[in-house]
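Given as structure tokens, the chain that follows is alone and in the form predicted on its own.
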Amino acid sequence: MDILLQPFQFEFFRNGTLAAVLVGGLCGMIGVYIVLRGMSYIGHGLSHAVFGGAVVSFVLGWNFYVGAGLWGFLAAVLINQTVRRTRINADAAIGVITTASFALGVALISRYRRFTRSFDAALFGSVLGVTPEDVLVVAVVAAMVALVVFFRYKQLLFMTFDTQVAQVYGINTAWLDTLFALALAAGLIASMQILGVTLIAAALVIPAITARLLTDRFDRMLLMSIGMGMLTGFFGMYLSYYLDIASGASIVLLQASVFAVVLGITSFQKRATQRLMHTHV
């Protein structure tokens, strides 16, 4: 028993685990809307844009969360406005805006080489760097996003499945898109320390897709995705301690393993049902 509880003797691990559980639930919550709206690429793109903002804020001496958060929010809004006002498709707008932002971050790092090591955690995630202040930030962001989902549940649900009909029924989709962009940017900022820029997109998508395999009901999918994110956050952190690997990689690999198992089970059940139906026919 002492061996199993050994990691929790360290404050950094307790902080990291709590942050990972909150981040897992947060990404699971936001990820459902991203997956159902066919926006999986935006999570990958915005995480790279946020990295560029983080580097700029570090170089200019700004607060990390303020600088990176504003940068990510502006990038999300710019993508939405570009798609709305031009003929450019969403994937093209995301590709141009977010990769340019990431390239700016890389350029600044190559110029100010003393910052390179400081951003290893931002790229790959690091439990060692999680402080009580980081946990507080994640908790506040998770609570705020949960409140947005709770009070705008019907509007977000309507817009997720049919934006045009939502507009006909008087829903201000432009404002709701902006609100969702802000929630997404905040979630990415809060998740960066644990998951790293390179793995945030996977943590947004995998729990939601896995939940989608298990249910067709939106409310159940949302709860399953949140629960899966929190559980894989906890056990992923636990595995990262004993395997001595980056926390983000451990969490995402565990999520991918769960997805593979669920996919195998549901595929087998589907084939068994089809064979049973053919037999009766």
Partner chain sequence: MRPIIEMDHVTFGYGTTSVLQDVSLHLHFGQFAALVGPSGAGKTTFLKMVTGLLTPTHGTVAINGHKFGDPLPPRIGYVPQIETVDWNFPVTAGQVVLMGVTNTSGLFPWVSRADRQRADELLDQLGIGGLANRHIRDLSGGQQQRVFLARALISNPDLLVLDEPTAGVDMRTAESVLHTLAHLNQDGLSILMTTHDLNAAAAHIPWVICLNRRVIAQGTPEDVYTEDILNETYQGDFMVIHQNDMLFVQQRPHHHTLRDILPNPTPGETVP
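Positions refer to the first chain, counted from 1. All figures in this text were calculated on a predicted structure; none of them were measured in a lab.
Another form, the form predicted together with its partner chain, is not on view; read the next lines as being about it.
Heavy atoms within 4.5 Å of its partner chain in the model of the complex belong, among the stretches 92 to 100, 146 to 154, 197 to 205, 178 to 186, to residues of 146 to 154. For residue 221, a non-hydrogen atom is located within 4.5 Å of its partner chain in the model of the complex, even though that partner is not displayed. Residue contact check for residue 165: one or more of its heavy atoms lie within 4.5 Å of its partner chain in the model of the complex. Its partner chain in the model of the complex comes within 4.5 Å of no heavy atom belonging to residue 244. Contact annotation for residue 209: none of its heavy atoms lies within 4.5 Å of its partner chain in the model of the complex.
Contact annotation: of the candidates 83, 171, 137, 104, the single residue with a non-hydrogen atom within 4.5 angstroms of its partner chain in the model of the complex is 171.
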